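Next up is one chain by itself, shown in C-alpha cells, the form predicted alone.
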C-alpha cells in the first residue's frame, strides 16, 4: 500500500511532488474531466496562427462562447469541463452561492487569474504553522510554478519568493503609465499605507500578449496543475487514475479504505485529501457523521471602477497586451483592518465595454460609441478583505449526498469594504484616477474563490479542527491538504499558499 492523493489541483500536485521526493509510492485519484476533443482541436488550430494575423472574425469566434457562459459559471476554450454548476454540488443552491467545485484534471487552476502572492507574516501570526516553517515550501513550489514578476515596493510588505532572475510580462500601456505615476507618489502613498508594484503571475514570460487570457490562452502559457501533472506521470513511483470520484473513507490501524462512486474500493497507507474546499467538505461529512456542519470562511471582494484622467497614447484594445492582473496594491491601514487589504488592478479588456453596454446602453439612447470610448479609459480594482471581515457559509450534508449551504453574514463586511473603497479612491486621486465609488460592486459570497477554513489547523485537537499536518481530530492517516485547513483566509492570493502548505504536509507526513 502506498500513499493516495485525491485531487489533481494545485494542492494535489504539490503534495505529490513532496511525497515522491521522499521516495514514496503515490497514486493520484481524480475526477479526470478534460477539454473535449472538438474544443481542443479548435484551440490548436487557433494557436497555430500568429496572433498578429488573427482577424476580427477569428478573434470573435474564439471569444463568443465565453460571452454565452451561464450566470455564475466561468468558461474557458468554449468549454465547461473545468467547473461544475452549483446544483451539481449544492442541493437547492441559493442564488447568492457563488463558489463552485471542479472534477477536471488540474481542478480550478484551469480557470484562475494566475495571481501569485504569499501571505504576509503578520496576517498568519496566529496560525499554528509559522511563516518560517512555510518559507522553504514557498521556495520549493516556486521551482515548478512559473512566476513572472520582479522586486518592487511590494517587497516592503510581502516576502518575495521565486523572483530571482525572473522577468515580468510587459504590462499594458495603461498599466505602464499608472505604474510610473505610482512611482512618483511612492512616499506619499506609503504614508497612507498604500504599497504597489507590478503583478506577479503564474505565466510563462514567453507570453504572446494576444489579449485572450480571459477566454483561454490558446498557447497554454498560463500555468495549470495539468502542467505539473504531466511531469508527475513520468515518475516511476507515480500512478494516476482519472474518473475516480471518492464518496467516503474509513480509517483503521492498517490503512485508509476509500469507497468510490463506481462501487470500487481502494486501500492506501495514507490519504492526502485535496479536492477543493467543497468536495473535501462533502467527503469529510460523508465519512464522519459526527460533523453536522462545517463552517467555510470566505474572502469578500468588490470591484471598484476608476476612470483615468490622462489621455491614452494609443488605443488600449490595439496591439499586444494581456488581460491578467497588471498591478497589485496592498493597503496596510490598521484603522480599516489589522490585516492587509489586497487589490488587483486590471486595465482594458473586452468585457469592460460589454458590461457598460449591458448596464447603461438601454438607458442612454445611441450611447454605444460613447460607452465604448469610456471603456478605454476604465481601470478596475478588485479589492479583497481578510476572512475576519467576510461572510461565512455553513456546509452540511443533504440526504441526497450533496451539500446544503447556510449563509452567516458578517456585520463588519459592508463597513470594511466601504472604508477600504473610500481610502483607495482618495489615494488614487493622487495618480490621476477618478474612482466611481457609486458603481462599486461587491461580489457574492464565495465568488472570490478565496475560501476555506472548514477544518482549521490547531494545536488543540478537538472536533472540527485538524493538526498541523492537516489530520482531522481523531484520525492518523488522513491528511487534508487544500485551503480547508487554513485557520483564516488572508486577503492576498490563495493558490500559492495552498501549494506551499500542501507541499509542507507532503514533506513532513509520517
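Residue numbers count along the first chain shown, from 1. Since we're looking at a predicted model, the values are computed, not measured.
Although it is not shown, the form predicted together with a small molecule is what the next lines describe.
Q: Give me the residue from 443, 65, 456, 31 that has a heavy atom within 4.5 Å of the small molecule in the predicted bound form.
A: Selected residue: 31.
Q: To verify the annotation, which of these, 147, 108, 435, 221, has a non-hydrogen atom within 4.5 Å of the small molecule in the predicted bound form?
A: None of the other options qualify; the answer is 108.
Q: Run the contact test on 138, 270 and 480 with a 4.5 Å heavy atom cut-off to the small molecule in the predicted bound form and return yes or no.
A: Verified in the predicted bound form; spot residues all out of contact, no.
Q: So, in the predicted bound form, is residue 183 in contact with the small molecule at a 4.5 angstroms heavy atom limit?
A: No, no contact at 4.5 Å.
Q: Give a yes or no for residue 16: in the predicted bound form, does one of its heavy atoms lie within 4.5 Å of a heavy atom belonging to the small molecule?
A: Residue 16: no contact with the small molecule in the predicted bound form.
Q: So, in the predicted bound form, is residue 489 in contact with the small molecule at a 4.5 angstroms heavy atom limit?
A: Residue 489: no contact with the small molecule in the predicted bound form.
Q: Against the small molecule in the predicted bound form, would residue 54 count as a contact residue? Criterion: heavy atoms within 4.5 Å.
A: Residue-level check for residue 54: no, no contact with the small molecule.
Q: Using a 4.5 Å heavy atom cut-off, indicate which stretch of 411 to 419, 426 to 434, 307 to 315, 111 to 119 touches the small molecule in the predicted bound form.
A: One stretch meets the cut-off, namely 111 to 119.
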